Structure formats: C-alpha cells, structure tokens
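Next up: just one chain, as structure tokens, the form predicted alone.
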C-alpha cells in the first residue's frame, strides 16, 4: 500500500495480506542500501501467523519517493510518523543492521508505543570503515562487492542457499544496484555518525531480543555484548540468540530460523 508522509509517497508492504490495525502490529525495518524485500520471508511468515505486518521502503529506497534521510534520528522520526499516518497506536519493531538503529532510536523516544524490540545484526555504535563509505560515494560497484564479501557466510559464498538454484550474493547485488545513486553512501554515513546507541539503550523498557549470526563479519556476536549489557532496563532483561552458521544477511541465509525467533519472541 502507498501512504503520504511529509508530502512524499511511501510504499509499505504487508506480507501479501491486507493490513489490519486490529492485529498485533510488527514493523520490519531494512538496512543500508536495501529495501523491504530483505524481509520477504519473514513478512509472509508473520502475516500468516496472525500479525499485522508493515515492511516499509524507507524514503528514497525501493519504491518510496524522496531522498534518503541523513540521520538515524530523522529515520526514527519518519517511522513514528508512518505509524501515526496508519493509525497504529502500538507496534513491535524489528530492525536489521541500520534498521536496528532506527528501531532502537524510535523505541527510546516513544516508549509507550513500542510493545517489543528485536534487533537483528546490531551493534552500537555501528562504525563503518572509511574505505566502504568512500567506495559507496565514488565507485558503488566496489562497495557492493565489499558488502557481499562481508555479509555472507563461507557456505553462502560457495553457493549454498535456503532456496535451491538461487544465488544469495547475486540477489543482494541486484537489490543494491536497484537503489538510487547516493542512497548507500548516505545510509552508511548515518550509521557511522550515530553514537548515541548505548545511551539510548538505557531508555528501553519493553521486552528486547538481539539476534546475531554465528558467522557475521559485520556485526559479530562478540561485538553485540556491549549493546546487550546497555539494555539494563528492558523488561525481563535483554535476551540474545545466535543463528548457527549464518552471516550478517541472516534473513536470507537462515530464513526459517530468523522467522521462528521473531515469532516466538513476540508471542512470549
């Protein structure tokens, strides 16, 4: 469905079903240089398990108009405006990589509106290598190759896929190539510049889950521990699980495991 936010048309996907605001709402937030499609498996799964799913293309990404927002806080504000526009009073937020920072920022500033928080492939702060930012700005093809090298496990690099006959790296490359010029560089700068994550984590009071990939090179499980420790006020204490064998792109590498983890946590 399309809605108007800040006078710009934005596209939101609902897992193949009509959005029903009376169902428990879950928002799936994509990462840098991506769009809603990274959540296709999880969106369909959750929609068929009784959730009202919202998987937006962030401004300037995918089919949403406008230019990419320059900061994590601006994207968090936009996310809350999206919920306002749809009349959603409360939602669970699930974010991957950059999307996890957006979810964290939104949950910290609107505690009464966020029922649960799930951070996938997340660390705080989230520094980005200067070489990757420079490549994204000047030679995107080189940046795409670097991201593919770092995002997938050794098995996926050799062609393993949860969907036989498909190449996860080729799919991700096409996805990044579809984004407008400058989107990836803008997103990476936003991640690199947002240093408030650990401080904001103390403001989180809802149940919180961190999902890490065992073979994640971009946000390795050991680097997640400071963020987990900072979530001292999360209801029941923040939980952390590791998806066996998966890299940073775990939604594609281990779609069933990620879907099951999200659904199971939201139903506890």
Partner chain sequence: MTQTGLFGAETLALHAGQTPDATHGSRATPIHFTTSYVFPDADHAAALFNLERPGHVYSRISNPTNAVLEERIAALEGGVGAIAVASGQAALHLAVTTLMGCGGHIVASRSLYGGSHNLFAYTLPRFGIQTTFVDPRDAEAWRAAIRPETRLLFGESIGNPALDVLDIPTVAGIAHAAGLPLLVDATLVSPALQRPFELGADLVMHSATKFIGGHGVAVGGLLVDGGCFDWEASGLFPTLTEPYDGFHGMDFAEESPVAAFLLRARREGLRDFGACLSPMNAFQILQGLETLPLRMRAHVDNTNRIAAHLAAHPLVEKVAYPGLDAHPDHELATRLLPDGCGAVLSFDLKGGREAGRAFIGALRLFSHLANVGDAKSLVIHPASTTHFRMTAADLAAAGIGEGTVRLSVGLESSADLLTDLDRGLHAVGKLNKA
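Residue numbers count along the first chain shown, from 1. Keep in mind that this is a model prediction, so the values were computed, not measured.
Keep in mind the form predicted together with its partner chain is missing from the figure; the text below concerns it.
For the three residues 139, 142 and 189, a heavy atom within 4.5 Å of its partner chain turns up in the predicted complex in no case. For the options 195, 163, 90, 111, the one in contact with its partner chain in the predicted complex, meaning a heavy atom within 4.5 Å, is 163.
Though its partner chain is absent from this view, in the predicted complex it lies within 4.5 Å of a heavy atom of just one residue from 239, 45, 215, 205, which is 45. None of the heavy atoms of residue 24 is located within 4.5 Å of its partner chain in the predicted complex. At the 4.5 Å threshold, heavy atoms of residue 167 reach its partner chain in the predicted complex. Contact between residue 159 and its partner chain in the predicted complex is found at the 4.5 Å heavy atom cutoff. Although the partner is absent here, residue 260 lies within 4.5 Å of its partner chain in the predicted complex, judged by heavy atoms. Note on the interface: of 93-101, 74-82, 122-130, 168-176, the segment with non-hydrogen atoms within 4.5 angstroms of its partner chain in the predicted complex is 168-176. Residues of 230-268 that come within 4.5 Å of its partner chain in the predicted complex, judged by any heavy atom, are 255, 256, 260 in sequence order.
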